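The chain below stands alone and is given in C-alpha cells; this is the form predicted on its own.
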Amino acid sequence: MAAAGSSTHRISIGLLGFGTVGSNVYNLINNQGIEIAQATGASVTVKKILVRDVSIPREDAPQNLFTENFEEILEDPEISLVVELIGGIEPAFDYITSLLERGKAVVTANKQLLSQKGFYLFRLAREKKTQIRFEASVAGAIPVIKVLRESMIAADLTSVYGIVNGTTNFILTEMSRTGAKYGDALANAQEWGYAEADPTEDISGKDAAAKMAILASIAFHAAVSLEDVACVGIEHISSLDISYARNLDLTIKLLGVAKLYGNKINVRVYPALLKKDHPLATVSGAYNAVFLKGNAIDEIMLSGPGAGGMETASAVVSDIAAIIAREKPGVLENVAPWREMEFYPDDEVISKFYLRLEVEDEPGVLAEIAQVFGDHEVSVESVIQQGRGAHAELVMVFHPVKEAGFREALEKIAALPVIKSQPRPIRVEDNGNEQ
C-alpha cells in the first residue's frame, strides 16, 4: 500500500442506490477527495451507480455514471469496492453475496439485512479474503462498530446498551418537553423528517432490535439474529406515563440492552424509566448514545447524531477509507462469530417495574391488587393513587423481581373485575437491576 498522501493509484467504486444517503456519499467522495487520499494513499472515484431508472435526470452526478444493470458493476474488474445503499433483504443479499464471491469489498448500511443474514456474509468475506464493513448500520455517525471490532478486543465486555433509534427518542423527548400526546409527537417527528411516512419499524422497536442484534454479535463474538431479540415499542406510552415519570423524577427512553449472564446472552429492546441523573436521560431529540461495559474498561459512552443522510454518508465514507487503507484484511476485519452461546431467558432476568392501572374507584381495590402481587412475591416500593371520576389510577413502582413472577402476577391482575384497561408495565433502570 502506498504511503499516505502519495496517491499513486486509483480506487474505482460502485454505488448501489442513489437516494439521500447515496447522493451524499457521492458528494463527500468528490468534495473530500484530498482528505481521503491523505488518509489512504489512493484517489477514490465513483465509476458506476446502480439505479432503478436511468431516464430520471439527476443533478448530483453525470448521467453516464448511472446504470440499471447490476452486472455492469459486478463484472467490472476495475471496481474493487461496492457500497450497498438500496436497503431491504432482496435483492441486496444476492448482490452482496455475488460481490463477495468475486472478492470485491463491500460497505453497507443495511441493518435489517445484517441482523438476519450477517453471519453468512461475514463468513463469506473471511473465506474470500475480502472485507465487509457496516458502520452506518448502527447509530449513524457514532463509530460504535469500529470501537467494538477494533478498540474493545481485550475489554472483556459484559454489556452493551443505550438509545439506538433516533425517531423514538425524538418522539419521547417531544412528549416530555411539551406534554404532547403520542400521536402529536409522532406527527411532529414526521414533519421534521425524523420519522418515515410509515414509522412502524421504528416505533415498534424492530429497527432498534436489528441494531442490537448487530452490536451484540460483534461485542460477544456470538451469532445473534433479529429473531433472537425480543422487542417492545413505544406505541402504548401515554402522556400520563410521561407526567407520572416526571413526578417520580424519571424520564422514559427506548433502550436496547445486550448483556451477558455468565456464559449466556440476553438481548432486548424496551421502553424504560431512567433517573434524571442517568447519562442517557439527557440524550434528547434524534441523538443516540451507546454504553459499553467491560471488566477491563469499566464503562464508556459514545453519543452523537443517530440519523440523517449526511451523518450516515459520513460513516459510509469512513468505511471506504478503512478498507482502502487496509488492503489485506486481517483479524480486525474478521467479525464472523466464533463463540457458541446460549440465550438467557427473559423470564429469569431481575428487573424493576413501573405500572399504571386504571381501576374502579371503590374501597378495597388497592388491598386486592396488593394481595395478588404479594402472593407472587412481588414487593411494592411505592404507590400513587389519583381519582378520575368513576375510576381511579394506581401508579405502582416495584422492587426488583424476577420477570416470570411479575408477569404471572400481572396476568392475574388483568383478569380482576376492578381493572378497567390493559395493564402496561414499563421497566425502571437503576443501579439495582439490569444495568
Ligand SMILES: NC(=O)c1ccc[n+]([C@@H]2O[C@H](COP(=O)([O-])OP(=O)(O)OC[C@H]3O[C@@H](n4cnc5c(N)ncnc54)[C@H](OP(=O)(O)O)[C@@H]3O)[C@@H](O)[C@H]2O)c1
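Quantities reported herein were computed from a predicted structural model and do not represent experimental measurements. Just count from 1 along the sequence shown to find any residue number.
Below, we turn to the form predicted in complex with this ligand, even though it does not appear here.
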Just give me the single entry in R268, K259, R133, K111 that has a non-hydrogen atom within 4.5 angstroms of this ligand in the model of the complex. K111
This ligand in the model of the complex has a heavy atom of only one listed residue within 4.5 Å, and of G294, P143, G87, G304 that residue is G87
G14: heavy atom within 4.5 Å of this ligand in the model of the complex? no
Is T312 near this ligand? Define near as a heavy atom within 4.5 Å, in the model of the complex. yes
Applying a 4.5 Å heavy atom distance criterion, does P199 contact this ligand in the model of the complex? no
Contact between I36 and this ligand in the model of the complex at 4.5 Å, heavy atoms? no
Candidate stretches 48-56, 369-377, 394-402, 26-34 - the one whose heavy atoms come within 4.5 Å of this ligand in the model of the complex: 48-56
